[in-house]
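What follows is one chain in structure tokens, specifically the form predicted on its own.
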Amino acid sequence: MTKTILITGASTGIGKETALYFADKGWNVSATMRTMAKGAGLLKYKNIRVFQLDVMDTSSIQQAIQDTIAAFGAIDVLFNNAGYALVGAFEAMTQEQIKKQFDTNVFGVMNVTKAILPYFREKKNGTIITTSSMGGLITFPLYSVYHSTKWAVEGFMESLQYELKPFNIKVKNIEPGAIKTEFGNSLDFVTADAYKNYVPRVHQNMLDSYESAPGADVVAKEVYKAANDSSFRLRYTASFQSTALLFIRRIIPNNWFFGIIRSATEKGIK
């Protein structure tokens, strides 16, 4: 029987690449996004349907779930992928910016996950995959609020796995490093004069890391691997950078690791 995945944030980047990859593998794909017009290119695939979904609008979430089931008969996997990054000097960030970051990256994930749980619980089967980040387990300068959302998602999903296992619902986090997508160009960047000798240089160093990064296809393949993994494994790295850095973090003292991060991100600062 053909399986179905519902993807949030499927209009660009990792979400779009994952939609295309699953479709090529013969899955039914519910590609959801806030602006449906952005999904026009996906409609050439007969096994992809595009639905409107805003992770902060519970009625749109419920409607997208219902529409997906009506279109394909079932949902087997939820892929929480919608998100973005607020980057820069924390002191200069407004309360509204911080709230928006948490609304999208944390409460949005919770909203969609909560909406799908009654359905998965009733059928005693389902998989919840979430785009976290290696930044949910390690940190870089200027990403303090973004990291806090990803660390929150990691904690949320790690705890949630216990209460969902009795219903045969699997919880899986994808933890990529830098990925060359529109993500690097869509950062919400904040700076201030007091940080003019630090923020611009570090920000550029971070952006430079995206130039040599792999494409979104490496993440799509890892999501596909997780979706087809019948085990209750929680975490999946999705790039060499992520695998290497998370391994190094585990085996060396914190101060050594922080030094490695500083040497990479603070190049050019006197």
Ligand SMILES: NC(=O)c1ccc[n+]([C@@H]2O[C@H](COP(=O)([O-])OP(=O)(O)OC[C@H]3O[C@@H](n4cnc5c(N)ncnc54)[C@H](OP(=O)(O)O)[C@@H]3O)[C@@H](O)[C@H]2O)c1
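Heads up: residue numbers just count along the shown sequence, starting at 1. Predicted, not measured: the structure shown is a model, and the values here were computed from it.
We do not show the form predicted in complex with the named molecule, though everything after this point is about it.
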Could you tell me which stretch in 158-166, 78-86, 117-125, 194-202 has residues with non-hydrogen atoms within 4.5 Å of the named molecule in the predicted bound form? 78-86
Please tell me whether the candidate spot formed by 140, 237 and 245 is one where all three residues come within 4.5 Å of the named molecule in the predicted bound form (heavy atoms). no
Applying a 4.5 Å heavy atom distance criterion, does residue 53 contact the named molecule in the predicted bound form? yes
4.5 Å heavy atom contact, residue 179 and the named molecule in the predicted bound form: yes
Could you confirm whether residue 113 comes within 4.5 Å of the named molecule in the predicted bound form, counting heavy atoms only? no
Using a 4.5 angstroms cut-off on non-hydrogen atoms, would residue 19 count as touching the named molecule in the predicted bound form? no
Taking heavy atoms and a 4.5 Å limit, what residues of 122-149 are near the named molecule in the predicted bound form? 131, 132, 133, 146
